[in-house]
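Given next, in C-alpha cells, is a single chain: the form predicted alone.
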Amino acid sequence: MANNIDIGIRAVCEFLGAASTPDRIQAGCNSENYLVLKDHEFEPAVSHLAANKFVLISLFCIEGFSDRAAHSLFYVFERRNGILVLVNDVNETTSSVASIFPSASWFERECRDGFGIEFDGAFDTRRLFLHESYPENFHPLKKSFKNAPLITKETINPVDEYQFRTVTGEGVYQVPVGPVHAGIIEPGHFRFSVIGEIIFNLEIRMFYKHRGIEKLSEGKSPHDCIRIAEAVSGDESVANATAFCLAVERISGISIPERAWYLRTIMLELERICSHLGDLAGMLVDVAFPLGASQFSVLREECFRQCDCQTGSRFQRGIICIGGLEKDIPGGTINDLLLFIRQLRKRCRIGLKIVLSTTSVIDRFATTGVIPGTLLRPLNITGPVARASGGKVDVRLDHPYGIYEKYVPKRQRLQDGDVLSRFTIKASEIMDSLDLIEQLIADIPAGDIQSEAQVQDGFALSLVESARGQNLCFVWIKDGAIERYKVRTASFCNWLAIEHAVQGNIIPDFPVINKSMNLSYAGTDL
C-alpha cells in the first residue's frame, strides 16, 4: 500500500508543479500519508485524482489540527490498494467537489451541519443530520459546543421545512413512507414518486435519531472509547471496535499477539455470518416464503447463542481491547465452535438448496432492484451490494489487516446487480466464512492474548471490512485523550444506492430491495 500512496503523492505534486517537501506531507502512524495543499492547488488536484480513477471514500473535518486555519478538511481517496489523504485547511468556506465526486455530497452536508463549513458551488445545501427543530448557527461538533440539554424550536415555519425534490408530470403522485414504520425498526423517511405502481424516483431522508457519537468521544480515554465504537451499529460491534483499536494500535506502535489476531478474526467472520443469515431470512420473508426464512432465522439465532458462549455477549461486545483481547477463549469452547460450524455448513446448504430451487422465489429476486455497476465508484458503494454488481472492493484483500494477508478470503463477485445476485453473494460469503473459521481454529496458536503497551499521541486511519462493506475509522489522540474520533460505516455511502435500485420497480418490491442491501440506520446517524 505504501508504494501506491507515495506514487499518488508524487503524481499530485508533479501535476501541480510543486515540490513534495516535508512541510507539505504529514505522515500518519499507519502507512498512509497526508498531503497538505494550498487553496489554489486544491481544485486542480481533486480534478486530477478524478481523471486518474481515484475514489473519494471519506471527507471529514477536524478543528484545531493546523495552525494555518480554524478547520482542516481531510479528503480520503483510494485507488489500486492505496490511500491518499488530501488536507485542505479552511476557515469557513471552501469549494464543493460534489460535482466531481458525487459521494462528497453527504460528506459536505455533514461538515456543514457539524462545523459550519460552507461549500461554494454545492448542488445540495440542505441540512443533513440537523433537522428543522435545531436552532440556526448550531454546529455541535465545534470545540466551543459542550454537551448539554438543547432547547429546540417548538414550532417550525413551513418555509423552514425540509424541501424534498419536486417531481411533477401527468399521473405522478407521491407516496411518503415513514419515518415511523410498522415494524420494530429505526426511523427513516422514503418519498416515492410513482406513476401507477412503477417507481421512477425515490428520495430518502435519514438522521432522525442523531446520537452525537463523535462528540461523546471527545476527551475520553482511548480505552473508554472502545465501548462507544461498539455502539456505532449493534450488529457491527466487532468490526467497529476492531477498526478503532487498530487505529490506536498503529498510533502507539502496539504489536498484537498472534493468538489474539486469530480470535479477533474468528469473531469478525462470525459477525459476518450472523448478519448475512439475517439478510437471507429477511429477503425471504419479504417475498412470502416462510419455509426458507424460518430456517435461516433459526440458524442466525443459534449463531448468536454460539457467540454468547464464546465471548459472553451475543454481539461479542466487551472482549476486544487495545492491544488484543480482554480475555482468552478456552480450547474446549473453541472445539465446541468447530462442531457448530460444521453442522451450520450442512444446514445452510440444505436451506439454500430449497430456496434456489423454488421458482417463485427466483422470479421475485431476479431482475429486481438492479444497481448498475457504473454507480459504484461515484457513490463509493462497497460490500456485498457492490460485489453483486461487479465490484471488486474488499478491505480484507485490498488493505489486509491482522492475519488476512495469510488467510486470504475469496473475492465473491457477480455482475447482474439484482436482489438474486445479492442473495447469492451473501450466501457464498457465509460458506466462505465458515471455511475460514474452520481453518483458523485448526491453526490457532497458543500464547498471550494482550500486549502490554502505553497508548501514545498521534493520528491514524484504519479500514475494515464489515458485513455491509468498507468501514473507515480515524483517531486523533492528543495529551492521552481522544481529540477526534471519526467513523464512517459502509451504510453511509450505500444508502444512496437504494434511490437508484428501486427505479423502474413496483412499490411492493421495495421491502425486498431494501432488505437485500441491509443498510444500517444507526451506523449512518452518529
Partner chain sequence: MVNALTCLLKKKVTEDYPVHDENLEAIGLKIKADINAVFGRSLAIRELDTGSDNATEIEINNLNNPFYDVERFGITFVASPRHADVLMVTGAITHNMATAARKTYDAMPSPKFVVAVGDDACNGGIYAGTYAVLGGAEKIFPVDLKIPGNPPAPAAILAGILALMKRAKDMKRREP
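Numbering follows the first chain given and starts at 1. Because the structure is predicted, anything quoted here is derived from the model rather than measured.
What follows is about the form predicted in complex with the partner chain, which we do not show.
**Student:** With the partner chain left out here, work out from 180 to 188, 391 to 399, 449 to 457, 195 to 203 which stretch has heavy atoms within 4.5 Å of it in the predicted bound form.
**Tutor:** Result of the contact check: 180 to 188.
**Student:** Spell it out for me: taking the partner chain in the predicted bound form, does every residue among Phe129, Phe138 and Phe304 have a heavy atom no farther than 4.5 Å from it?
**Tutor:** Yes, all three are in contact.
**Student:** Ok, Asn91, Thr168, Asn147, Ser357: which has a heavy atom sitting within 4.5 Å of the partner chain in the predicted bound form?
**Tutor:** Only one listed residue qualifies here, and that residue is Asn147.
**Student:** Which of Arg377, His71, Arg259, Arg317 has a heavy atom within 4.5 Å of the partner chain in the predicted bound form?
**Tutor:** So the residue touching the partner chain in the predicted bound form, by this definition, is Arg317.
**Student:** Looking in the predicted bound form, any heavy atom of Tyr407 within 4.5 Å of the partner chain?
**Tutor:** No - in the predicted bound form, heavy atoms of Tyr407 and the partner chain never come within 4.5 Å of each other.
**Student:** Even though the partner isn't displayed, in the predicted bound form is Ser233 close enough to the partner chain, meaning a heavy atom within 4.5 Å?
**Tutor:** The answer is yes: Ser233 has a heavy atom within 4.5 Å of the partner chain.
**Student:** Is Lys327 part of the interface with the partner chain in the predicted bound form - any heavy atom within 4.5 Å?
**Tutor:** No.
**Student:** Evaluate Leu291 for contact with the partner chain in the predicted bound form, applying a 4.5 angstroms cut-off between non-hydrogen atoms, and reply yes or no.
**Tutor:** Leu291: yes, in contact with the partner chain in the predicted bound form.
**Student:** Residue by residue through 272 to 299, which ones have a non-hydrogen atom no more than 4.5 angstroms from the partner chain in the predicted bound form?
**Tutor:** Read in sequence order, the residues that approach the partner chain (within 4.5 Å, in the predicted bound form) are Leu291, Ser294, Gln295, Ser297, Val298.
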